[in-house]
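Given next, in structure tokens, is a single chain: the form predicted on its own.
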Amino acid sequence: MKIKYLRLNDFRNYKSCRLAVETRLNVFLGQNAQGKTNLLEALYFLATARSPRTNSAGDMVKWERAEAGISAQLEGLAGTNEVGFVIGKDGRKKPYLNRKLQRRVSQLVGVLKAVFFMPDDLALIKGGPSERRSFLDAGLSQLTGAYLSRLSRYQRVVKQRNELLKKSTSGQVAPDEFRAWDEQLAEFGSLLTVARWQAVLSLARHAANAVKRISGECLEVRYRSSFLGELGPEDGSRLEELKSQAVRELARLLPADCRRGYTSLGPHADDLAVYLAGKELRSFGSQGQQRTAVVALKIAMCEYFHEVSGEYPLLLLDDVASELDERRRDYLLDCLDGGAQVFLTATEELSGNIRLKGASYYSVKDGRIEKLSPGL
């Protein structure tokens, strides 16, 4: 999958920009706050309909403008397509596919596929479970519309059940009223759990190989279910009766959930367990080891995209030259010899550290992009 051009109008600090992309490796150089990360944010938004930096899409609209437009032409196994969004200051998103307005935003998710590496990604290891769930969900939602649909429906069911739980503390809800919600929660939750577990099997294999090459250490990744505990490659048989078991467990936990006021069981409470040399990396790893694991997981997600879809996603790398030490950076850059189209940002002071054969280089200043000569 490759981008041929990107258009931005009133997006962040870009008034109007049309970027023609001719190569697989693309490096954007400039000082901070010039628009380099904004460019990567736009590409990731086209892939996921979500920003990695804000929960309000309206924040991406240029100051004192009513709306922003972003679009890109891409080539992949499905042929040539143009994806685009018009984003209102109120946060509303109008999705376009081949310049035709689509009924739902979800229809664009995954037409363009992307994996984003940014400085804040250390939270993938050090942060809470929601960071790791989001990592899995962002990848799986791009790969299959079924996963995105089930995730959305599951989240709505959890919200409805939690509202009932809060009412039940005052005696307004009978226990029987939870039965229908529990059935739906178990149905969609079991499908999400199986999909995540299967993804983690692949991610764990690729991430372990990456860490072995970077540092020679042994990395292990397991899916941690709030219902079944940690799941590894040998646990497929434990998932066969997951739905019926989940219904029984939800009923058993109902009194406790009523006291808490929220649903304590399900994929919304699950996590990834990441170990290095047998110790949980979140609590016992050094910052260097944690960064190694983040790099490995991002590379693993790219490989998983390729396994499932037959093509690599865009790889968006924000400021990796300053974020990673030389060994980890060199390994990541070595991986760029693969099939992914890469968009990489760096400050001008660090540009000498990231010479890439065959790359196109661009200068970014005040929301304007200029292609640089090959011999800069």
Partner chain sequence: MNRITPALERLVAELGKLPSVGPKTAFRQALYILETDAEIADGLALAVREARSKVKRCKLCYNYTEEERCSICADQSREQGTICVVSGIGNLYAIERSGEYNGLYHVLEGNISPLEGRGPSNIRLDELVSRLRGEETVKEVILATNPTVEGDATAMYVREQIKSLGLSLKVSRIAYGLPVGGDIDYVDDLTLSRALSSRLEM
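Residue numbers count along the first chain shown, from 1. From a predicted model like this one, the values you see are computed outputs, not experimental measurements.
Just so you know, the form predicted together with its partner chain exists too; it's not on screen, but the next bit is about it.
*Asks:* With the partner left out here, check for me: in the model of the complex, does some heavy atom of Q184 sit within 4.5 Å of its partner chain?
*Replies:* Q184: yes, in contact with its partner chain in the model of the complex.
*Asks:* Should R179 be counted as a contact of its partner chain in the model of the complex, where contact means heavy atoms within 4.5 Å?
*Replies:* It does: once its partner chain is placed as it appears in the model of the complex, R179 has a heavy atom within 4.5 Å of it.
*Asks:* Please determine whether V157 contacts its partner chain in the model of the complex, using a 4.5 Å cut-off between heavy atoms.
*Replies:* Yes, V157 sits close enough to its partner chain in the model of the complex that at least one of its heavy atoms falls within 4.5 Å.
*Asks:* If we define contact as a non-hydrogen atom of the residue within 4.5 angstroms of the partner, is F188 a contact of its partner chain in the model of the complex?
*Replies:* Answer yes; at least one heavy atom of F188 falls within 4.5 Å of its partner chain in the model of the complex.
*Asks:* I need the one stretch from 85-93, 148-156, 130-138, 114-122 whose residues put non-hydrogen atoms within 4.5 angstroms of its partner chain in the model of the complex.
*Replies:* The contacting stretch is 148-156.
*Asks:* Identify which of L164, L254, L239, A208 has a heavy atom within 4.5 Å of its partner chain in the model of the complex; exactly one of them does.
*Replies:* Of the candidates L164, L254, L239, A208, L164 is the one lying within 4.5 Å of its partner chain in the model of the complex.
*Asks:* To verify the annotation, which of these, R259, R248, R213, R104, has a non-hydrogen atom within 4.5 Å of its partner chain in the model of the complex?
*Replies:* Filtering the options by heavy-atom distance leaves R104.
*Asks:* Look at the CA atoms of E240 and A273: state whether they lie closer or farther apart in the model of the complex than in this form, given a difference of 3 Å or more.
*Replies:* Farther, not closer.
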